[in-house]
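As a starting point, one isolated chain is supplied in structure tokens, in the form predicted alone.
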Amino acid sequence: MKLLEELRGDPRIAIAGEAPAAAEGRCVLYWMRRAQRAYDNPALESAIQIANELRLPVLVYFRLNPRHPHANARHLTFMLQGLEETAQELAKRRIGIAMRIANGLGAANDLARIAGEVRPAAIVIDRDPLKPLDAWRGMAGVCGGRPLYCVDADMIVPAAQLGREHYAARTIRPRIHERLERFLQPIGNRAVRVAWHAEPLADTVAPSAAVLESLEIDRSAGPVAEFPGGGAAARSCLRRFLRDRLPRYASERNRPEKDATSGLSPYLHYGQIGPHTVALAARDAEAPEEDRRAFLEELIVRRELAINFTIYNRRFRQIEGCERWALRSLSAHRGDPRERVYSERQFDNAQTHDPLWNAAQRQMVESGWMHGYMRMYWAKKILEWSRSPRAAYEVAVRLNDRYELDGRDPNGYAGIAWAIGGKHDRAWGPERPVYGMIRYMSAAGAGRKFDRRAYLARWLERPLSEAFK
């Protein structure tokens, strides 16, 4: 089969199983996980390509798991707002969608159930960089031996092209740049040859935030109005950024009170917009070259370095995933006296002595997002005010994953690892108490880089609402 040869030669795709045949199935099933969009989606396009070859329709399957750690009202509302829009756009492309609530027996069991009902000729999955690649291969067995295609839809340069865990941006940058011309291309959106016309499956629910009303979920972190979910909101955010912020990105991106950042990280995290879409738009935007270059460095090199970290380092949620020199240095200073030690509850409630840190925490709790420069300061102070580096790392991960709309993301984990464990950084001297050779940040130093008063005025002008206490 010529198509199978093409797919095997695509570095974005890993394959388990033999070539499909039209007589062996009724559709091509795409298990949508992170790439939650109907357009510019390499995984969906691969499913359409296979289905067109076999003259079969495409069905998208989404497994809603309200029991996922930190699957609170904030995250689920944002995600379902996007999925409702995605379902409408899939219908316009003549593609079906079936969303089910996880049954508690595991993802493999749920996938096997729907595969048994729709009898797909092939199954396509978009790759989750937070889970081992081998995990999906075993699912071929529970799905009746149907071939599985795992597609890298979250990176511009496929993870397979980078080969190993990279030490820093300077080691991964050359490998990315020498491949950009090949992979930074429009994804394309194929026409579907055979429409999905089957009756709705049993136990499916329509993607909508209204689904949450009947589910038992954590509601202490509620939805935020500042970031509505969905591809339309993502594209609107991208247009505003290209028009208003990109032309000053290089000079003002590290100034939280001016905020020249894109604000796209929640949409990228949930796959409501793809990195190719953003990168191509920024590359071709009417903005100074310096600004475009600086943004593409963050979007491609730095973001894909973070994904590389979570793919090749399975301890990315733990301080043990950081560099050995950093672990030795932190261990040597583990017993250093701390001027202050705060509990996780005090951190959560923004009850420290430092107004700047409290403002950053409140920005995250109230808006679902924290400026990137403040994230560095925020994590480093958790290290300084915790009883141990391990405790600091764990608190930072939990708070990040609970409140940030882009939590549970490679960028967040890499950022915490950089701030607390020296990941993707180098040793800094002279040694300091508590920090050892980890790069230090102070409130005074941060305050000299931006208008601290303006930032404090915005986020400390009112107490936290009862919903977030």
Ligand SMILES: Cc1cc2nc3c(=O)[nH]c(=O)nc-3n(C[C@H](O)[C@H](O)[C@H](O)COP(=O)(O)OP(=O)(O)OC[C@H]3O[C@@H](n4cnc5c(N)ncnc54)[C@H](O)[C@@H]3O)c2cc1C
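Throughout, we count residues from 1 along the sequence that is shown. Given the structure is predicted, the values throughout are model-derived calculations rather than measurements.
Just so it is clear, the following notes concern the form predicted together with this ligand, a form of the same protein that is not shown.
Only one segment in the set 333-341, 373-381, 128-136, 196-204 has any non-hydrogen atom within 4.5 angstroms of this ligand in the model of the complex, and it is 373-381. This ligand in the model of the complex is not approached by Arg93, whose heavy atoms all lie more than 4.5 angstroms from it. Contact check for Arg255: no non-hydrogen atom falls within 4.5 Å of this ligand in the model of the complex. Looking at Pro57, you'd find every heavy atom of it more than 4.5 angstroms from this ligand in the model of the complex. Although the partner is absent here, Ile416 sits close enough that one of its heavy atoms falls within 4.5 Å of this ligand in the model of the complex. When contacts are defined as a non-hydrogen atom within 4.5 Å, all of Arg303, Asn400 and Asp406 contact this ligand in the model of the complex. For the candidate set Ser367, Gln81, Asn349, Ser265, a heavy atom within 4.5 Å of this ligand in the model of the complex is found for exactly one residue, namely Ser265. Put simply, of Ala115, Ala71, Leu299, Leu162 only one has a heavy atom within 4.5 Å of this ligand in the model of the complex, and it is Leu299.
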